[in-house]
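Single chain ahead, by itself, as structure tokens, in the form predicted on its own.
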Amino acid sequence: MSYEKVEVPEDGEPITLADEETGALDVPETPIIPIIHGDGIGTDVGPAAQKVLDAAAEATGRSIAWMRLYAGASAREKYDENLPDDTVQAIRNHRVAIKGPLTTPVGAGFRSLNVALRQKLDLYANVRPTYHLDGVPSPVTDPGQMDMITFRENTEDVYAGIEWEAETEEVEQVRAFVEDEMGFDEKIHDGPVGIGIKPISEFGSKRLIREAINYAINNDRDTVTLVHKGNIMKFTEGAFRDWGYEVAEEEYGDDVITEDQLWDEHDGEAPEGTVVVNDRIADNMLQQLLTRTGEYEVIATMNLNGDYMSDAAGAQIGGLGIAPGGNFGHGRCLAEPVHGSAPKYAGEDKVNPTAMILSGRIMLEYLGWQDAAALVKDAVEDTISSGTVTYDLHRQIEGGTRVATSEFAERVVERIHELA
């Protein structure tokens, strides 16, 4: 493969698709893996994560051939464009990649590069595991109760970007259609108005919900909760809920039951190994994350709800600085931390690289390198619980040793070598 704006490493082999139907991968011992360091603090956390992931691969008899890609500020500086086609194509061709945060300006300017990558690559499932690491300060009494994974639909909802700016010819055309043709003539206030469309499709909803249910079955999770605001948005979020129950009832046989079936047919006691699918209203769910944390294991929801829900859950286990994530499509994975680019700290070698490192752990699991992934998590947790932390955690704990971003990565690497 040749690219104008990407240098392909001389060592390493590309990851290929082993099974078209299942999306299973054929992963060589030295795969070529694209990496985007990202904007702002990405210049610090990106190299730190690389160092840790290299150590975990080496400790388990493998290696990684990194392919450096550019997007956001680095791409503008180098190529005078935000998202080069070669960057997208390299991730598409090599199937598994990791990226740091990319800045999205509020208001005018280009739309989210994160969303653009997800849509261009059809990475329809944004997956965010939320679990507490020993030693991380938390605002709740028992953060260990949180062990949840959120499956967020990645391509639709208000993130589809179908909207029109106030006081433009386009928005007035849409307004006229809504008011005159569709009969909603008293719903929109007079004066300038921006209008957006919220598409929720059966196709997009069902494939996301299947991912959540499959994960629950394969990882011995007991429940999948459909989170929606269907009591108000009946034909979009309400449809998501209904399509979710259709998937559960029609496609999984005795492996999956609904909450109604749990009580009507099983007196509230789920058969051994059965996944129960239930649903909750989104605003109530935000409350229940705090009041009934341990009752929820796998969440399936739409794009905007998923953003809110996973961020709120991340706060309970210590904040977005340690919250990992990944984007998945058929036979593809783009791992990324949940946090933003925090440009005021860029280049200061002070921020916490844990979220980027643990996003790399998700990537390693997707490669099938479970032993390397376990080493990463254990080494990060041991390092933090020993009191060796970056400034954000150090200011919340008594004692301990404050270290720079790069030093934290070095300590994690040392622990990997001790554990291997």
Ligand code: NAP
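Not measured: the values here are computed from a predicted model. Sequential numbering from 1, following the sequence displayed.
As for the form predicted together with this ligand, it is not shown, yet the points below apply to it.
- None of the heavy atoms of P192 is located within 4.5 Å of this ligand in the predicted complex.
- In the predicted complex, this ligand sits beyond 4.5 Å of every heavy atom of Y70.
- Although the partner is absent here, I299 sits far enough away that none of its heavy atoms falls within 4.5 Å of this ligand in the predicted complex.
- Contact check for P343: a heavy atom falls within 4.5 Å of this ligand in the predicted complex.
- You can rule out all but one of 284 to 292, 266 to 274, 165 to 173, 313 to 321: in the predicted complex, only 313 to 321 has residues with a heavy atom within 4.5 Å of this ligand.
- For the options L102, M146, A248, A97, the one in contact with this ligand in the predicted complex, meaning a heavy atom within 4.5 Å, is L102.
- Put simply, of T225, N305, T150, N114 only one has a heavy atom within 4.5 Å of this ligand in the predicted complex, and it is N114.
- Shown here without its partner, the chain carries R118, V338 and V351, all of which come within 4.5 Å of this ligand in the predicted complex through at least one heavy atom.
- Along 49 to 85, no residue reaches a heavy atom to within 4.5 Å of this ligand in the predicted complex.
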